[in-house]
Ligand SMILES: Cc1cc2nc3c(=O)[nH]c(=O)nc-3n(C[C@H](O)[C@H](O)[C@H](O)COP(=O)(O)OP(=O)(O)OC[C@H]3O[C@@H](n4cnc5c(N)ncnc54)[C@H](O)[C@@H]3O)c2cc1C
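Below you will find one chain, with nothing else, as structure tokens; this is the form predicted on its own, and questions on how it binds or moves follow later.
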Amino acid sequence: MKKVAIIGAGISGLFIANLFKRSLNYQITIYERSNLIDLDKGYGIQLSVNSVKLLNEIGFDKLQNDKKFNPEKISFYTTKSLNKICELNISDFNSEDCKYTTLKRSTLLNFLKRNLEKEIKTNYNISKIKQQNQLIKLSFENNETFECDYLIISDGVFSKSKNLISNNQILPKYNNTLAIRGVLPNSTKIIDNKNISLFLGPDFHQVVYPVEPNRDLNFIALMKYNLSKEEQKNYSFFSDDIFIQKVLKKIPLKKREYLDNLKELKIFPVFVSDNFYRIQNNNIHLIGDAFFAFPPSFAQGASQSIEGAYELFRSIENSKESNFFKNRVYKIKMVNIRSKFNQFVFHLSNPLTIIFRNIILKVLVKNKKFLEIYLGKIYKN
């Protein structure tokens, strides 16, 4: 029986743990630095059909319908006038069993950890990773050690495990964007509470969508914002009331009253990966944001974490570990290009280019060939 250590109990780490647990060939242990799994309050995530199909293999399709939602459209609006530009039918990519899904991040994490309580160890902060032939020795700050055959690193964009192996060669960078998260009451009048609403503005865009039927709405906005190196590192800065109000005042909305209804408001800087890091040992692998973090403008963060974890599990099962990195880089590059392009297009500020963008959007959302290339290549495994 092979011993598998997983660093990080986020979406990718918990999903791959579920896949390993189905096999009698592996003994898994999940190490989480925090004293509990971060359920991130009520914030939402989007899952495209590529990840829903994989989650269904471990019973996601049996999750209660009142815990998830299936929007059919993405409606595009302008932030200043709130006029609808166009709408995209994302349900065109659905099948009977796999549908575009929105839900709370906490709901997905609770689902993923439901059968892993015995395998999860909290308050374990990695301090050293030593590679000894085919075995990998882990040391933790509590002076415990563990030897394993496979090490899966899934501890996020600021992965300490990745830094230990790479000697801090590959560090994330701030992409001059702030993310603003919150929860809006379902009674908010100016928004379609049955679909995904995407508002486009100068150096800014926001997305609002339901995460459960007839419940509150998830709010996420991305705003261009320059920060000094000191400000990027000072996380207490992003909880400061003066700073929060300063950011909210810069949101380019004509009707701003619903911002007063935002609950569980959180602001944080967006960090992205600048390059890929290949580990020479085929028994050590990166997944999720530890593998590569891209801008959140294509709503593929959770889906690619799930897809990457699945690809890695299959490559280990089939003894093709060396193929995993190349295949994953190919897919992530496609997602990264689309994410950067989306943010650029969403944040246009010149009035003339905005007019042309809106005209082109109206055409492209109805062009099946374009949608198959731009979305289908990502949504289909």
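We number the residues from 1 along the sequence you see. All of these numbers come straight from a predicted model, not from anything done at the bench.
What comes next is about the form predicted in complex with the ligand, which does not appear here.
Visitor: Looking in the predicted complex, any heavy atom of Asn125 within 4.5 Å of the ligand?
Guide: The answer is yes: Asn125 has a heavy atom within 4.5 Å of the ligand.
Visitor: So in the predicted complex, is the ligand close enough to Ile16 to count as touching (4.5 Å, heavy atoms)?
Guide: Ile16: no contact with the ligand in the predicted complex.
Visitor: Tyr209 near the ligand in the predicted complex, any heavy atom under 4.5 Å?
Guide: Yes.
Visitor: Would you please decide whether Arg105 lies within 4.5 angstroms of the ligand in the predicted complex, comparing each non-hydrogen atom pair?
Guide: Flag for Arg105 set to yes.
Visitor: Only one of 166-174, 243-251, 226-234, 147-155 gets a heavy atom within 4.5 Å of the ligand in the predicted complex; which is it?
Guide: Contact-bearing stretch, as computed: 147-155.
Visitor: Considering the ligand in the predicted complex, which of Leu217, Ala299, Leu200, Ile74 comes within 4.5 Å of it through any heavy atom?
Guide: Going through each option in turn, the one that passes is Ala299.
Visitor: Pick from Lys113, Lys80, Lys137, Lys160: which has a non-hydrogen atom within 4.5 Å of the ligand in the predicted complex?
Guide: For this set of options, the contacting one is Lys160.
Visitor: Could you pull out the residues of 3-21 that have any heavy atom within 4.5 Å of the ligand in the predicted complex?
Guide: Ile7, Gly8, Ala9, Gly10, Ile11, Ser12, Gly13, in sequence order.
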